[in-house]
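Shown next as structure tokens: one chain only, the form predicted alone.
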Amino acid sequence: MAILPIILSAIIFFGSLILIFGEKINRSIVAIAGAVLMIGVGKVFGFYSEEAAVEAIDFNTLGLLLGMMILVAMLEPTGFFEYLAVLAARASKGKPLRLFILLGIVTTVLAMFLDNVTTVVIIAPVTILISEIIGVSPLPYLMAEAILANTGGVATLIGDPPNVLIGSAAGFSFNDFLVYSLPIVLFSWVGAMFLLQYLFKKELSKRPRRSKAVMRLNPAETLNQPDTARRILIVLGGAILFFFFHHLLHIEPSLVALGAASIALLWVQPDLQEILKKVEWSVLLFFGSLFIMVGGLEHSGALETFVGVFQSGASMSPVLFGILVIWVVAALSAVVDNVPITIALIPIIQGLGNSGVDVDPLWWALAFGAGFGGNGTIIGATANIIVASLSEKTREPITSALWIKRGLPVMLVTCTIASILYAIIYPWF
């Protein structure tokens, strides 16, 4: 096996990760440049080509993300998400702890069916507005929303980008996530919620200056396109129903998502140009470019080397190895975006499977580590960065030091709970 292609492909991939981690350049631009460089170097040294790069892209993942993005882009202008947030605010009756719990629940449920980034983009601005109306600090609510969105997203196939990647690579269905991931996430979520209440005890114990003001909010005023919202929700509900049965019908989740998006577009007939502007094309390019770079690692032989390293670890107790994967992936996800970590580890786990290792439990370990690890630092997940940016407009901006004090303990607790439950139910994976 030639050493130079292995070294060059590894330098390109891990060099791109370092630049992404640095946050000085747009991560999509870094990924695209890395993909182009990988193809160029691969052609020069004869281990990669344009055709192989296209084959390396997981179009099932991209199709699923695109379909869900279109549905969210259509539903967002209707005011439905703001409607849910205002309902939660009224139900809290201006009591900070009750508002904290209700907004956390709304955020988590949305994150199970939308990606966590979209969830906080929608919920966080409304949270800041509600906090200003009743006279409380938005800081605990914003941090909790990002952390709980990251945690809740692990529960379903479509809730978190790493889950989409893992489901496509492992062939897991929507129901598989409900059976194996959801129970562990529920226990982890409860642990996270109790810990967050304790960590923000001081902030949540302060009496609101205008607690009764929240009762004057009218949820109906936020729902500005009720008929459109109803139609899209019907389509979205149908899509979720099909997710339950897609494996029985032998169709990919991407077809369900794109089919639902097509039906919604035909039924609502919105301004297509406006909808397409709201699709996060940079995210799709980021994913596609990472697939191309990992494909270069595979064709250069670098992944075989990494598989060999992992095989030495796989010789230990399978349960302990799975727990080790949870913690290693969580640690990596806390300092580097969990998407490239997941994409890089997928072919390694597949390689272990080809060598005879039972990898089904490892897929779940990867999902828990990638999902919960992002809560550890302010740069561990895109949702964290978004709420931190929004908090800069308030009197109490979220800092990196503050996030480590409040987010890192949550990461440690959720990973501990996941590890214990993983060990208990390991025989059923």
Partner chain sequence: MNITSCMKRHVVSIKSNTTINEAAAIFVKKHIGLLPVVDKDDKPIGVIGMRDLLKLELPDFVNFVADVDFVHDFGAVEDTRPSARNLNKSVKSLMRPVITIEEDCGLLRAYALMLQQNLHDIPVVSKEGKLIGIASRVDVGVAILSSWEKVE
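Numbering follows the first chain given and starts at 1. Since the structure is predicted, the reported quantities are computational estimates derived from the model, not experimental observations.
FYI, the form predicted together with its partner chain isn't displayed, but the following is about it.
Candidate from T156, S173, S137, T222 lying within 4.5 Å of its partner chain in the predicted bound form - any heavy atom: When its partner chain is considered in the predicted bound form, the option within 4.5 Å is T222.
Residue among L303, V86, A229, I349 with a heavy atom within 4.5 Å of its partner chain in the predicted bound form: Looking at the other structure, the residue within range turns out to be V86.
Contact segment among 127-135, 176-184, 147-155, 355-363, judged by heavy atoms lying within 4.5 Å of its partner chain in the predicted bound form: This holds for exactly one stretch, 127-135.
Distance check, L217 to its partner chain in the predicted bound form, heavy atom within 4.5 Å: Yes, L217 is a contact residue.
R98, heavy atom within 4.5 angstroms of its partner chain in the predicted bound form: No, R98 stays farther than 4.5 Å from its partner chain in the predicted bound form.
Proximity of K278 to its partner chain in the predicted bound form, heavy atoms at 4.5 Å: No, K278 sits far enough from its partner chain in the predicted bound form that none of its heavy atoms falls within 4.5 Å.
4.5 angstroms heavy atom contact with its partner chain in the predicted bound form for T394: Although its partner chain is absent here, T394 would touch it in the predicted bound form, with heavy atoms inside 4.5 Å.
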